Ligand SMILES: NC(=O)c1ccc[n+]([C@@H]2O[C@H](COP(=O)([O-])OP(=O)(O)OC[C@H]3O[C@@H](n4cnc5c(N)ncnc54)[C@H](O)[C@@H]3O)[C@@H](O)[C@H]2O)c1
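There is one chain below, alone, in structure tokens, taken in the form predicted on its own.
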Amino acid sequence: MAKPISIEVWNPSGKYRVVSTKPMPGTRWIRLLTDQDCRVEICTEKKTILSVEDIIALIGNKCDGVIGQLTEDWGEVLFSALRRAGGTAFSNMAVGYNNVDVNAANKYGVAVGNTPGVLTETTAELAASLSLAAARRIVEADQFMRAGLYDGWLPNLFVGNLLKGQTVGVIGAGRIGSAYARMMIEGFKMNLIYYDLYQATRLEKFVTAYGQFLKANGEQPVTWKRAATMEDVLREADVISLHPVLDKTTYHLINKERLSIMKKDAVLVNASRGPVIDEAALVEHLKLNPMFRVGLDVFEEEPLMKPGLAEQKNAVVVPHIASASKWTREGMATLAALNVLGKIKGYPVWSDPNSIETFLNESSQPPPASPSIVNAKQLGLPSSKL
């Protein structure tokens, strides 16, 4: 058993014990729990990632629910420990739950929450930021200045790519992919090519209407095309942003062969899931094609990068910060807390987890419901009719 770990306690006399494996932004999430008679224990251990043994020690002998993180391994061992302690609720402070064995949670009757509906614009903004930073070589130029190497203006100094009038490619045109596309189209007047199993009708209508607006004002209209294959996007686009889910069909979606069909000076952005890209193949491609650039927020084996990636000047790498805006992270904490609270209190599950604005309104009491429980049907949990 791991040694006792440090915690911060709120409302010590609360009837229900809720544990958070990490301090989370804001205090509203704490207040929402303590107002409903919860004792909240927040792990303050100075570890980036808690081990399974650490979390078992944190759960202890009595625990009604846990708020955890996407870096933790929630499987048979932890769900059985939580159930033994009387717990029936767990929520990731994340929209993804690749770290969670949902079948194991079902086996022990534990509801699994996540936090969709609050990350769309924030993640799209980060993808757009990486696109611009990579295209215009901003990080390289910043490092050059800080190193005291700037002697004066030169015609060829950090020449990058102009985005205006170029083609942006989106693979996965769901909520985040579509939001990113709109930013790039409206912000830089880029044309769109996208690939998705489903038609992005709203996105197509937006591009059509914006193109008509530009034409009416004497400018070149933007265009859109739904590609028949993903390879069409990779061949034609100047900037490609990846927004697929991660499953067995999208693992190493971008590999050596697909990298080879992209333009030599293309920009590739990934703020979805790290294993979507074969990172070793990407490193070799970056070495062989110095004008090819990438912007990465996620990595195949986080927190590690594949050997050689950090040394590539044509790579912009940031530490999984796509959701790291104050509003979004505080919203994620709120939703995760309300997922756990809802199960503890026997509330129904919100009918639309992507429409959760009412839970985030700080001037009013949130609805008596769990915002998003991914295994609600398997556990037979009722749906809210509000």
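Position 1 is the first residue in the sequence shown; the rest follow in order. Being a predicted model, the structure only gives us computed values, none of them experimental.
There is another form of this protein, the form predicted together with the ligand, and it is not shown here; the text below is about that form.
Proximity to the ligand in the predicted bound form, taken as a non-hydrogen atom within 4.5 angstroms, holds for one residue of N106, N289, Q166, T250, which is T250. The listed set I240, A271, L282, A111 contains one residue whose heavy atoms approach the ligand in the predicted bound form to within 4.5 Å, identified as A271. Here the chain stands by itself, but in the predicted bound form one stretch of 212-220, 115-123, 255-263, 72-80, 115-123, has heavy atoms within 4.5 Å of the ligand. Three-residue candidate spot G96, Y198 and S323; every residue lies within 4.5 angstroms of the ligand in the predicted bound form by at least one non-hydrogen atom.
Taking the partner from elsewhere, A141 is found to have every heavy atom lying beyond 4.5 Å of the ligand in the predicted bound form.
Within 4.5 Å of any heavy atom of the ligand in the predicted bound form lies no heavy atom of D278. Mapping the unseen interface onto this chain, V245 counts among the residues with a heavy atom inside 4.5 Å of the ligand in the predicted bound form.
Interface membership of G174, defined by any non-hydrogen atom within 4.5 Å of the ligand in the predicted bound form, is confirmed. Of the residues in 278-302, those that come within 4.5 Å of the ligand in the predicted bound form through at least one heavy atom are, in sequence order, D297, V298.
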